[in-house]
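Coming up is one lone chain in structure tokens, specifically the form predicted alone.
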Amino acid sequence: MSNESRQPLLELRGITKIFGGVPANDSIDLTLHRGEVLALLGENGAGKSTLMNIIYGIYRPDAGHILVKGTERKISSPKDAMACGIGMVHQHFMLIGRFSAVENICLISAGGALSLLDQKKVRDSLEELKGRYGIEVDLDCPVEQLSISMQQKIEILKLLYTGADILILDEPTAVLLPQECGSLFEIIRHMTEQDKGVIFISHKLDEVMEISGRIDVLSHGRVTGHVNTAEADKDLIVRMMSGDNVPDMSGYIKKEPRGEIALSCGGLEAFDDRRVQTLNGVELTVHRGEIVGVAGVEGNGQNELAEVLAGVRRASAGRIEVDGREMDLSDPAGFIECGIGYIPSDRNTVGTVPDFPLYENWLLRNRSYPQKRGLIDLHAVQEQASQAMADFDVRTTGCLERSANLSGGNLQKFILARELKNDPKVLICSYPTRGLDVKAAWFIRSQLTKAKERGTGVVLFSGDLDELFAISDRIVVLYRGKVVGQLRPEKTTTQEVILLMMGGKP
């Protein structure tokens, strides 16, 4: 074995990064070897994203050293990282929708030219990479017409085309269906067989146990644990991440819907932002004190249905009734006034205004903010927001902090606190635990079940079937903009739900 093959692909020694006097990374050591998958775990805000951004050259460390194949390297930009053989697939893909895979990858080739000769050279290289790593994807179709999993494969091909030996996959399964994860894992295995090293960031412990060889855990900016995956179990990993156990919700008792109807809709039709009709006559009923889970393959109308039910997207046809009152579909404020809470899928730019302080974000969708002499009582608003943040364990410097500075889990808890403040009649939740760590996801789910017990009707949109089965009283399945099935979770299986999601018959 050569000296180079014995050297670790990547070593971090004493990496430190400080923001505003607070260490996001505190003397972190990390090693990645050839042919291995290293899982990097930690609660939201633990420092994972900061560390990956340092490796990829988006941030520069305040202290510490980065060694690639035994040689210290200064990485000041993503271009430097790629020159070192480091590539990263972000949660939000970096692709131009109207371009094909070949055209997208031509943009990062020498000169970024799009001539027919350049495209042929790129295509030949991509075909060879597809065969070597078992990646099946259409190279000619505009990527905006491809599924999320296909776009992800293009991102991986793009990194392999640049010659990356170190690949960082940041929450790669967050947007994939369960059956699509297996295809991704096969690609990862092909890459490790070719001596690539993969850093795999995920909050899904089952996936970590399946695909990784080693696990490093971050907490409060420091590495708090190392373990070989074969010697670990989920309870141990959670304790390493948070210092305690997360209660199991699999035994949550489901209830038959017997309460009054909180929300009903019929014949709902709506268009997406491309003016393509994605809702085609949705019929749905939600009772008080009931959680209705909504499952479906991405792109089958879930986002549009959530927005229509929350009043932020206008339906082109149909009706919505809340507590027996028919809603004016052209009046978004009316949805707030009648008691509909909304947790959008985009917590950063739809659920909050990033540059606003938290107390100003607290006023959004607020139908009963404190007033004094007819004006907003900002002191009372700040007190109200601060108390709710303490109740929901939102970890921040205070209500004057910009929402953009919060981690995903803390920002989601803030939005949930705001929407639950007035005990809404209906709560529309669109992927509320996506990208959250185990502990934060458990907290969100527990608050949804408490809201249900208080009589709120909850509509839970989620791509996590385990989550839907754990806390939904009823699961409805959307396919091509229609409800094609309604199932009791204790009387069905994930296979049956997936079959309906794909347009099959149970």
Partner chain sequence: MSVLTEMSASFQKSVTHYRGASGIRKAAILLLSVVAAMLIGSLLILAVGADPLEAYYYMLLRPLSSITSIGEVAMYFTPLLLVGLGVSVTFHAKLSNLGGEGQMLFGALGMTVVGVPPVGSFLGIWSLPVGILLGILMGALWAAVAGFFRVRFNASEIVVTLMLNYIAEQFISYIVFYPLRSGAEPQSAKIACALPKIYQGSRINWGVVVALILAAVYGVMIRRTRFGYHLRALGGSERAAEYSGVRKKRYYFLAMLISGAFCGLAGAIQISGNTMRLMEGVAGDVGFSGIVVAMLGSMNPVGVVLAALFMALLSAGSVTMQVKTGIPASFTSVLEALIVLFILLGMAVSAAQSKRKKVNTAR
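Positions refer to the first chain, counted from 1. It should be emphasised that the depicted structure is a prediction, and the values quoted were computed from it without experimental measurement.
One more form of this protein exists, namely the form predicted together with the partner chain; it is left out here, but the text below deals with it.
Q: I have I336, F356 and A404 flagged as a candidate spot, so tell me whether each of them has a non-hydrogen atom within 4.5 Å of the partner chain in the predicted bound form.
A: Looking in the predicted bound form, the three residues I336, F356 and A404 all sit within 4.5 Å of the partner chain (heavy atoms).
Q: Is there any non-hydrogen atom of E304 lying within 4.5 Å of the partner chain in the predicted bound form?
A: No - in the predicted bound form, heavy atoms of E304 and the partner chain never come within 4.5 Å of each other.
Q: When the contact criterion is heavy atoms within 4.5 Å, does S330 count as touching the partner chain in the predicted bound form?
A: Heavy-atom contact with the partner chain at 4.5 Å: present for S330.
Q: I'd like to know if H203 sits close to the partner chain in the predicted bound form, meaning any non-hydrogen atom pair within 4.5 angstroms.
A: Answer no; every heavy atom of H203 is more than 4.5 Å from the partner chain in the predicted bound form.
Q: With the partner left out of view, is T352 within 4.5 angstroms of the partner chain in the predicted bound form by any non-hydrogen atom?
A: Answer yes; at least one heavy atom of T352 falls within 4.5 Å of the partner chain in the predicted bound form.
Q: Of 293-301, 192-200, 412-420, 223-231, which is the one stretch near the partner chain in the predicted bound form, taking non-hydrogen atoms within 4.5 angstroms as near?
A: Selected stretch: 412-420.
Q: Would you mind picking the one in A24, L9, I15, V497 that has a heavy atom within 4.5 Å of the partner chain in the predicted bound form?
A: That would be A24.
Q: Given that the partner chain is left out here, which of T433, S212, N361, Q152 has a heavy atom within 4.5 Å of it in the predicted bound form?
A: Only one listed residue qualifies here, and that residue is N361.
Q: Within 4.5 Å of the partner chain in the predicted bound form, which residues of 375-404 have a heavy atom? Give them in sequence order, or say none.
A: Those in contact are L375, I376, D377, L378, H379, Q382, E401, R402, A404.
Q: Since the C-alpha distance between G221 and G435 changes by 3 Å or more in the predicted bound form, give its direction relative to the shown form: closer or farther.
A: Their C-alpha distance shrinks by at least 3 Å in the predicted bound form.
Q: Relative to what's shown here, the Cα pair N53 and C399 differs by 3 Å or more in the predicted bound form. Does it come closer or drift farther?
A: Farther: N53 and C399 separate by 3 Å or more in the predicted bound form.
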